[in-house]
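Only one chain is given next, in C-alpha cells, and it is the form predicted alone.
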C-alpha cells in the first residue's frame, strides 16, 4: 500500500520524520527542516542586518549542514549577514587534517573567506603531543578548553560580531545531562542556552555564540546532508571513544529507545530551571592576567592547562580536578 506525505498529501512518503513521527516526502522534509531553523533564528532575534558572522566549520555533518543552511537562508530571507568560515586545527593526524580538506572544498562551494587556526601556532602544542604526555584519558578536557579559546581568538582576528556553531539538540541534551551528573549547578541553567557569552557580567562581555540547531535532531541533520548530497567528513575523532560525553550519549540513546522524545524533553527540562539563588556566590567574570581573554578566575582554564603541559605536570592537574 502506498503511503503519502502527511504534509502535502500528494507525494509518496520517503521517511518517518524522527522529530514528529509523521510520514513526509523528501521535498517537504527539506522545506520543514529549513523553515524550522529560520523560525529559531527569527524568534530569538539571533542576528541583526549587517553583522559579521563566523561559522565554526569542522568539516563534519553538523557544521557542513550549518554552512549550507545559513548561506541559503541568508540569501532567501535577506538576513544581510557577512559570513566567514572559522576552522580550528587541533593537530590530530589522520583526523583533523583530513576533515579540513572538506572545509576547503566547502569554502570554494559557498565562496566564503576561510580562517584556520591551529593549536600548534596558538599554544605550541598539538593534540597528538598533548595525548603523548597525558595519555588517552581526560584528553578531551584539554581539547575542549583549547578549542573554545581558539574560536574566540580566530573570531577576534576576523573582526566578527558573533560565532555560530553546529551544536544540535542531541548535543544540548548531552551537555545538560553531563552537567547534571557532575553536579555543576552553575552551568546547569545555561546548558541549553541558544545564545551564550553576551551577558556582560561584571561589566565584561564576550563574543556571543549562537546555536541555530538547538531544536534540530542529529538524525535529521544526517538525513538532510545525505539527501542533499553535501560533502562532509564522517570519521570519529581518534581520541573521543574514551570521553565522558560518549557514555552520556549512549545513555540518552537508551532513553530514546524507551521514550522517543527524550532529547527534546531534556532540553525543555533544562529551560525550566531557575538560575542559582541570588545568595549563592557565583564566579565573577574577569580578564585572564595572562592571555587577557574572559575568565572566571585570575588565570583562565586554557592558560592553567597550558602551563601544566609546559611544566610537565598535566597528569597531576587532571587528578586534582577529578
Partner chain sequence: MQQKEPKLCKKCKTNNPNIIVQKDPVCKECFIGYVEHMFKMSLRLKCNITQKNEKLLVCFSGGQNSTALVKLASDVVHSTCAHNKSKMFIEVHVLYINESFIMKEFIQEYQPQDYTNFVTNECKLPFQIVDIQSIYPDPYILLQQLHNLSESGSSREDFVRLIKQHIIYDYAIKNGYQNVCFGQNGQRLAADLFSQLSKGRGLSLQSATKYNFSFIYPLNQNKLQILHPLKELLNKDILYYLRLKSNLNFPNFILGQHLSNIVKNKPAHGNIDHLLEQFIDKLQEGFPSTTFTVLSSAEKVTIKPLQQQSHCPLCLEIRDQVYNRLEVETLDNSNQQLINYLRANTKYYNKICFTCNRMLQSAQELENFYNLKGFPPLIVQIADTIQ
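Numbering follows the first chain given and starts at 1. All of these numbers come straight from a predicted model, not from anything done at the bench.
Heads up, the form predicted together with the partner chain isn't pictured, but that's what we're talking about next.
Residues 116, 234 and 307 are none of them found to lie within 4.5 Å of the partner chain in the predicted bound form, as judged by heavy atom distances. Interface membership of residue 177, defined by any non-hydrogen atom within 4.5 Å of the partner chain in the predicted bound form, is confirmed.
In the predicted bound form, the partner chain sits within 4.5 Å of a heavy atom belonging to residue 215. Interface residue remark: residue 183 is counted as part of the site for the partner chain in the predicted bound form, having a heavy atom within 4.5 Å. Using a 4.5 angstroms limit between non-hydrogen atoms, residue 11 is distant from the partner chain in the predicted bound form. The stretch in contact with the partner chain in the predicted bound form, judged by heavy atoms within 4.5 Å, is 257-265, chosen from 53-61, 66-74, 257-265, 285-293. Along 8-30, residues 17, 19, 20, 22, 24 each place a heavy atom within 4.5 Å of the partner chain in the predicted bound form.
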